[in-house]
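Single chain ahead, written as structure tokens, the form predicted alone.
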């Protein structure tokens, strides 16, 4: 019988293959049409099946919880969320250009999850995690993180796109399109992260008797929220556009990465995230 671990291991390499199809598609000026998109859609669907199967396996083991409780499981969901949100963006924009930078992200997340020494087994929840708020908090936070990842990719392309005519310019969407993608993804990410912080505060009050404890993860989530609030504020009230806004958005994603990985090295209430 096929297990979730087997599916997720194979999917890791499939994402790399999908990245190669997007790269070839760009180099030959999209002669492959929507083949990369179809492959990514199928990969994302199978990835979702792997997550669902792991959820089912937890019930078979008698634990019965959503697969979001450990760093390994969060990486699995995060990579899926990036892929799913990007597919929606691609469907709306009718452009596959961003796929060259987006598809490596789920591959790298899954590769790190698969080949690192973190515990990959399905484990019983610690008491603090036994709450229905777990699903709401994790999903909202990681949908936000996924949107910020796509924003990051669009900003990198924006900075690579020079004014002069060259080969790179012909493969990248216009600066106006990239700027709009960045803004839309930041809005989605900001709203999702806001909901994640709110649901996390409610959950913390249920689990620990306090809405906010200035735990390192909480503090850096707030810092990330403030950076992206600054991105929106700078665009809407200060009229920031172009390079300055792209750099500020990249700084925001650096905060996301530190919030996700860096604070796990610090002691705190979220130390279970290193499991």
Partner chain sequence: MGYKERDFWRFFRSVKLTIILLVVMAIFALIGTLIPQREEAARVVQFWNPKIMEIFFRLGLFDLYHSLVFRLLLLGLAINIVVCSLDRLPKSIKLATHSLGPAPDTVFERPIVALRAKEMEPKVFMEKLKKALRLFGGKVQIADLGNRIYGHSEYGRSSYFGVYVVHLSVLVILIGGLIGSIWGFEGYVNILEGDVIDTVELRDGKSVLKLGYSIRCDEFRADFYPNGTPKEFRSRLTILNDGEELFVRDVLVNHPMEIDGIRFYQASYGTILYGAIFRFLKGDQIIGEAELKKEMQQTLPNGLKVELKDLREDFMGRLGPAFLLRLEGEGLDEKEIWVFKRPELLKMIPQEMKASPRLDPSTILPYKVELKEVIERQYTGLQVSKDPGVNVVWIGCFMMILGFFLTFFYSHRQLWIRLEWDKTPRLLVAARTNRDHAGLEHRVSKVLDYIRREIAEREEI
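Positions refer to the first chain, counted from 1. None of the values given here were measured: they were computed from a predicted structure.
The form predicted together with the partner chain exists for this protein as well; it is not shown, and the discussion that follows is about that form.
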Triple contact flag 84, 88 and 145 to the partner chain in the predicted complex, non-hydrogen atom at 4.5 angstroms
no
Partner-free chain; cross-checking the partner chain in the predicted complex, the single residue of 230, 26, 58, 37 with a heavy atom within 4.5 Å is 230
With the partner omitted here, the residue among 205, 116, 95, 174 that in the predicted complex has a heavy atom within 4.5 Å of the partner chain is 205
- Answer with yes or no whether residue 80 is in contact with the partner chain in the predicted complex, where contact means some heavy atom within 4.5 Å. no
| Looking at the partner-bound form in the predicted complex, is residue 131 within 4.5 Å of the partner chain by any heavy atom? | yes
Since only the chain is shown here, I'm wondering whether residue 66 would be in contact with the partner chain in the predicted complex (any heavy atom pair within 4.5 Å).
no
Residue contact check: residue 52 to the partner chain in the predicted complex, 4.5 Å heavy atom: no
Of 101 to 109, 71 to 79, 117 to 125, 145 to 153, the segment with heavy atoms within 4.5 Å of the partner chain in the predicted complex is residues 117 to 125
Those residues of 203 to 242 with a non-hydrogen atom no more than 4.5 Å from the partner chain in the predicted complex are 203, 205, 206, 207, 208, 209, 210, 211, 214, 216, 219, 220, 223, 225, 226, 227, 229, 230, 232, 233, 234, 237, 240
